[in-house]
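What follows is one chain in structure tokens, specifically the form predicted on its own.
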């Protein structure tokens, strides 16, 4: 079977993981090129991936590497134009979330997307590919809990990453666009509805540096959906015990608790400290299998013409909710989405 020739842009922490998956684990993927503005990252690609086609700009990679698809793991501010450039170059596009930082940029991307219906374009909402969340989705569709009426979600990173996150807030759009957007997408997906209103509270309880960017280190948002369902979503950058991400969906006939606790292994440690478990330290360990399944789905869709589990319209709606949540946090008011 023909392989999909892929170039990757961005080889930071997550970019390296995506690149390794594409190079060594994803069937029918052929990682043939990479680009980065950081010379050390290109050196890493040469030494660890065996790549010779290395570029210091996406423009050069699109022009000179013979590609079928691109993976964009670049700063959010670059996403809209890079997606557009790749689509106009005739390529399939995978881009890490979020799609953009403004609705105007989302609409600009969608206008170009609609001009290229034969190309796959998707945004990395990786939790849709996590086996536990996917299983919960199937159970909801089977009617196992009746009509879903309430979603409760949490994304919580360890405090030891907060210093990095403070600087990242300058370009990431803040914690709601960078982290909570995963829960917002899940709430839409699992409840089968769209957000109408949002109210949000939070603060810089531990790390004052976030205040400069009107961002938070802990926050909770409440949502009302157009079918009457509701959601509460909590985000934290200050957990001590590990990366703690989970969700709960309540229906009219039962409920589903998804992904908690995030164990390193299914082992309880019993010692002088009592009974305890060890939690995974980062989001990548928690969703490592999902990242691989996500890439495999993208490649399969590119080969066979299928639709990815998350299309750009899903990404636009999640971005719209995240922007409204940011406004609700900053204003202290209920915001209509």
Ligand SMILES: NC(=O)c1ccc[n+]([C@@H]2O[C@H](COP(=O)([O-])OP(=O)(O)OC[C@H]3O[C@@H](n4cnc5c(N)ncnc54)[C@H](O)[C@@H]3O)[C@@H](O)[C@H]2O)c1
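Bear in mind that the values here come from a model prediction, so they are computed numbers and not experimental data. Residue numbers count along the first chain shown, from 1.
Separately, the form predicted in complex with the named molecule exists; it is not shown, and the next lines address it.
When the named molecule is considered in the predicted complex, only one residue from 130, 244, 185, 178 comes within 4.5 Å through any heavy atom, namely 178. Among 174, 80, 124, 148, the residue placing a heavy atom within 4.5 Å of the named molecule in the predicted complex is 124. In summary, the region of this chain contacting the named molecule in the predicted complex, judged by heavy atoms within 4.5 Å and restricted to 139 to 147, 93 to 101, 216 to 224, 107 to 115, corresponds to 93 to 101.
In the predicted complex, the named molecule lies farther than 4.5 Å from every heavy atom of residue 250.
Using a 4.5 Å cutoff between non-hydrogen atoms, residue 234 does not count as a contact of the named molecule in the predicted complex. None of the heavy atoms of residue 199 is located within 4.5 Å of the named molecule in the predicted complex. Taking non-hydrogen atoms only, residue 35 approaches the named molecule to within 4.5 angstroms in the predicted complex. Contact with the named molecule in the predicted complex, defined as a heavy atom within 4.5 Å, is made by none of 24, 71 and 285. Heavy atoms closer than or equal to 4.5 Å to the named molecule in the predicted complex belong, across 10 to 46, to the residues 10, 11, 12, 13, 14, 15, 35, 36, 37, 38, 41, ordered by sequence position.
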